[in-house]
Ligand SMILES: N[C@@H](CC(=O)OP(=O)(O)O)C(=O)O
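Read the single chain below, which is given as structure tokens and is the form predicted alone.
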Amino acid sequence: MRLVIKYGGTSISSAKDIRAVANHLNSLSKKNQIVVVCSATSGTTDDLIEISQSIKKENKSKAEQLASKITNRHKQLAKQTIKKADLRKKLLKNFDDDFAELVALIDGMVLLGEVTPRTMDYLFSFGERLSIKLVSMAVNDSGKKSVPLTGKEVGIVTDSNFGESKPLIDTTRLRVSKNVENLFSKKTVPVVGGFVGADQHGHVTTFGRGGSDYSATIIGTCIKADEIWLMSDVDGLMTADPKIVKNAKLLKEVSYIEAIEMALFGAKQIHPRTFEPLLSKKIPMKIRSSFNLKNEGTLVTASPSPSVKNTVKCVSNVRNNGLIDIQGGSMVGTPGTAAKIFATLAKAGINVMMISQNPSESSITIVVKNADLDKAVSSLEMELLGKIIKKLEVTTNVAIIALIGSGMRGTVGVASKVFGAAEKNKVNVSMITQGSSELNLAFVVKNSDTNAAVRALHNAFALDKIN
């Protein structure tokens, strides 16, 4: 079998875990062709983000302090993980070169006194550059040939939208398949840095936070993989957040479309664009734990078996959002009103998470992240207040609760069950949306009501009994 296996930061953050991963890869590679994709080790990307913030505040000593923290952590891991002295020495020498480059980059950014999206992508790429060398050397140490490759080196080519780049799929497919096939012919395991690619000019780009999943599925489609495994510290997709619902169950199988909805509505394990490359190729994906290999995790496929087609699969939640109710009599029957509102928000770089309009057309209600709320309100006030908008009403700290499951389509009584459960638990619902696909039903409650709402729905649909 041809496999792409992606490891999250928590799976490769101690010497013991890295050795376990290397040994697992060694045994799998005896019967399979494997490409490994790695995130940065736990905490490294956060430290790199903090370095960029320190540079913005002109605090060079803090930035250098954080850089030496990253240096020491990786050197320590190298010394504890790699048993063979010659390999350990080689790894530490490689690390020294990377750390010298990191310090030089920080000096340059401080000197220029600016942090651009391009320099930030270059800075953030260091986390994966270090982790792939560590994991690849551990695989070598276990007795299997392996090479580390950055996203740029493996052949991922993207546009120049730094911080949120998108792959140029045709060029990427040609380069990645050629590079990987070459390594497979030499019986070598490539360990690729996730989250990172390069534009056509060779400048380092990133896919945005959590983008290593996306790297794995891009590579999977390029090499015609049989399966893609996302390995982290969770057993798979759950019927609800286990921190909220103690008896939340593992979902054995979900469809791509359901998984996309779960990713958008707060399933922390998945980057929302992860599934884009898979939809046309229909490659099955498993979401598994690297700490519990006996558990097969959640299988994500184009068409799940009929036995798992429950009405509702899971209850997700996204907290800390703001609700804006946009009102105005002149909005009624005026074509282009919604277009003007959304164009104004798009110009301000604000993503709208939910939309609802009443049939009288006198108001449109939207939900945005709390962090975008002030910017959204001020841009609407400056551009449209007194023209098509008469009044804006804002509610802060609200949560979106989403019920997800393809079995809801055409099923009578889902909504009544949802709102009956909300009423029974004295949860007030301030906004409701459901698309005609009936794949999800989402509504808005106060942040403080999130746990009660999630538990109530989980019980109402007996998700703890899901097979």
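As the structure is a prediction and not an experimental result, all values here were calculated from the model. One-based numbering along the sequence shown.
Just so it is clear, the following notes concern the form predicted together with the ligand, a form of the same protein that is not shown.
The chain is drawn here without the ligand; in the model of the complex, the stretch among 38-46, 24-32, 410-418, 53-61 whose residues come within 4.5 Å of it by any heavy atom is 38-46. Of the residues given (G211, G220, P190, P167), G211 alone sits with a heavy atom within 4.5 Å of the ligand in the model of the complex. The ligand is not shown here, but in the model of the complex it comes within 4.5 Å of a heavy atom of F195. When the ligand is considered in the model of the complex, E128 lines it closely, a heavy atom lying within 4.5 Å. Residues of 1-16 placing a heavy atom within 4.5 Å of the ligand in the model of the complex, in sequence order: K6, G8, G9.
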